[in-house]
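First comes one chain, alone, set out as structure tokens in the form predicted on its own.
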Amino acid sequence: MTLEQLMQSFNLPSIAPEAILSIAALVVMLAGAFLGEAAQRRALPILALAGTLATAVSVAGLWNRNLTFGAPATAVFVADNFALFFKWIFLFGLAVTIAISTRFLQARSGDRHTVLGEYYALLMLSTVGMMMVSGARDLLVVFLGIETLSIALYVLAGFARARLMSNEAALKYFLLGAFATGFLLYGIALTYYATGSTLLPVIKENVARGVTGDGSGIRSLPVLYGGVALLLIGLGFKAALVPFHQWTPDVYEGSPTPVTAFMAVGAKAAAFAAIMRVFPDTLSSPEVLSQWFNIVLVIAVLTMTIGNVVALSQDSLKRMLAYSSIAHAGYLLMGVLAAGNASRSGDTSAISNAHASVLMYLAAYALMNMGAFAVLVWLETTRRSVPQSTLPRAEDAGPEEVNTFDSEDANLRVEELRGLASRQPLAAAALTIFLFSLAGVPPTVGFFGKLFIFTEAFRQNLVGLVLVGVLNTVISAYYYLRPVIEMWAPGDSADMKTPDATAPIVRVNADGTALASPAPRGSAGALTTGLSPAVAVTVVLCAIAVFGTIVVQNTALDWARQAAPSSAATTALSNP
């Protein structure tokens, strides 16, 4: 078989984005193995961003083509507009994470600055897993994609290897993630037994037929219900839905801040891509839908309420944003429920609008959340902090110089922001914009995201759920406005000082004793704690996008509507 015949037979362009990004990840990892430290710092971020850009170009070339990997009837992977929309979100999150990671990777000598290639490669391979999930048309492909993105995130969560909190975050995420994976696999197994397939269109068709004696429908309805429940648990863990959210605050707080931003956007979006394909699309038969609908309704109310109420008492900005992300998952479930309710009537327009509201909200969430975490990285790199730990040293080792400043030790508290506007007005203004957007204040992108999703839920007669959502939005305004008030209040926090241009370094002996000695300005051992231009550019662009949505909101919503109809598992798909 020639290459041309192979491409035509399996429709290889449908997996071009995943292939390009995987190859780029391998190139970055190999370059990190052969380049020196200085060359790695210069070249690897550029290589990673170039791979991300090439992948984005390939995604743009697939728009409206609705390709499948193999024959449309049996394809386990699709490149429809629904999947492509999510891939844009994943690539945006990847690009921002690469841009804001430079300072973290150079923070502590001997800890992480020698493994830049592995860091960027793990980010890119995790994104490949996310893209697999968004295009999955089979439950086994959903599982493979989730495992691909999760394994990389387990490592990334513990990438600040000398920090106990980072190690704890990685271990908690791994153990609970492995437990959730078991639920997901059992759910897939039970669903396969009940319907005779793991292919989503076949499951949809068999569920619609109901229990039959000829083997063409459902073999056992109770087994199917059990499988659906376990699928919800497995996917609910990745989406941080209550009561499967317990890992989120500790993992978000302990992970490196760029990694926290990446998982808060990418992993959550991938989970909702799977939820949208499996529940309102595939399991839309009235009898089955009525079972999961009421459960998801309760989960949505609990997720919104618990996320917002617990966030009220948080002093750490990262933990506050962690509970905020839980609450936003509850808002997204409103769109899932609206799509499920619309499928009862079979109104194609209503189903499309409900899907579009979820897509629009996820795009808004990605913009404002990545922007908020980028500002946190900015603030952490301009705050003096004492390291919590040092790397273990061999007994016969001589003196070693290590940097005393590590941005990851700067777990910023709300009260530390007092007077920030007078010291760093651009950072204060940007963080204010992102917090207003997260709260849903007009005319930010967060307001339009909430408006669309609340409107679709109201149109589907989910009035009580909309009232709960509005009430939770009012509650969330309190903890979002707390940092804003602190930033613009007069005064100064003693704990939030900009470091001197000359950062002290420490000579650490084998017995653990340390003798401080200031490093001369410009010396090789001096640590640069200033703001990275990449972080500043990222923050400014995200802030402009958050506010600029008022101009392009109709265009953005039309784009989401173009992606929404093709998300149904039974959509007609064609080969070129």
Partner chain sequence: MNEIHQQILSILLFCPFVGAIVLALMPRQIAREFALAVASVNFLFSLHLWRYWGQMSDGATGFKFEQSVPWLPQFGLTYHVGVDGLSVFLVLLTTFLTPLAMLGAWNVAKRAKEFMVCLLLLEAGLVGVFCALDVLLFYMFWEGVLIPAFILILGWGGAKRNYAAIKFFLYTLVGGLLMWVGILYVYLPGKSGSFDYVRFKEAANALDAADPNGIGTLLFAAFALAFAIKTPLFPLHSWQPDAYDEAPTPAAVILAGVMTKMGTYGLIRFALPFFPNAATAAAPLFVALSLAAIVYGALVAIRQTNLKRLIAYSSLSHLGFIVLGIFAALLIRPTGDVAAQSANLAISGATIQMVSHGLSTAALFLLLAFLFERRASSEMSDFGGLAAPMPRYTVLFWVALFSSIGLPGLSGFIGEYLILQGSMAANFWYALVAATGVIWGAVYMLRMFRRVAFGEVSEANRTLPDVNTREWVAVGLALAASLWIGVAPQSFLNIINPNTNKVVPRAAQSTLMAPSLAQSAMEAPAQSTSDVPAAH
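All values reported here derive from a predicted model rather than from experimental measurement. Residue numbers count along the first chain shown, from 1.
This protein has a second form, the form predicted together with its partner chain, left out of what is shown; the following refers to that one.
Hey, of 435-443, 293-301, 87-95, 157-165, which bit sits against its partner chain in the predicted bound form at 4.5 Å between non-hydrogen atoms? In short, 435-443.
Its partner chain: the contacting residue among 422, 316, 348, 197 in the predicted bound form [heavy atom, 4.5 Å]: By the 4.5 Å heavy-atom cutoff, the listed residue in contact is 422.
Among 365, 237, 454, 119, which has any heavy atom within 4.5 Å of its partner chain in the predicted bound form? Among 365, 237, 454, 119, a heavy atom within 4.5 Å of its partner chain in the predicted bound form occurs only for 454.
Though only this chain appears here, would residue 477 touch its partner chain in the predicted bound form if you measure heavy atom gaps against 4.5 Å? So residue 477 counts as contacting its partner chain.
Does residue 247 reach its partner chain in the predicted bound form, with heavy atoms at most 4.5 Å apart? So residue 247 does not count as contacting its partner chain.
My question is simply whether residue 20 lines the interface with its partner chain in the predicted bound form - judged by any non-hydrogen atom within 4.5 Å. Looking in the predicted bound form, residue contacts with its partner chain do not include residue 20, since no heavy atom lies within 4.5 Å.
Its partner chain contact at residue 193 in the predicted bound form, heavy atom, 4.5 Å: Heavy-atom contact with its partner chain at 4.5 Å: absent for residue 193.
At 4.5 angstroms, heavy atoms only, are 143, 189 and 276 all close to its partner chain in the predicted bound form? Judged in the predicted bound form, none of 143, 189 and 276 sits within 4.5 Å of its partner chain.
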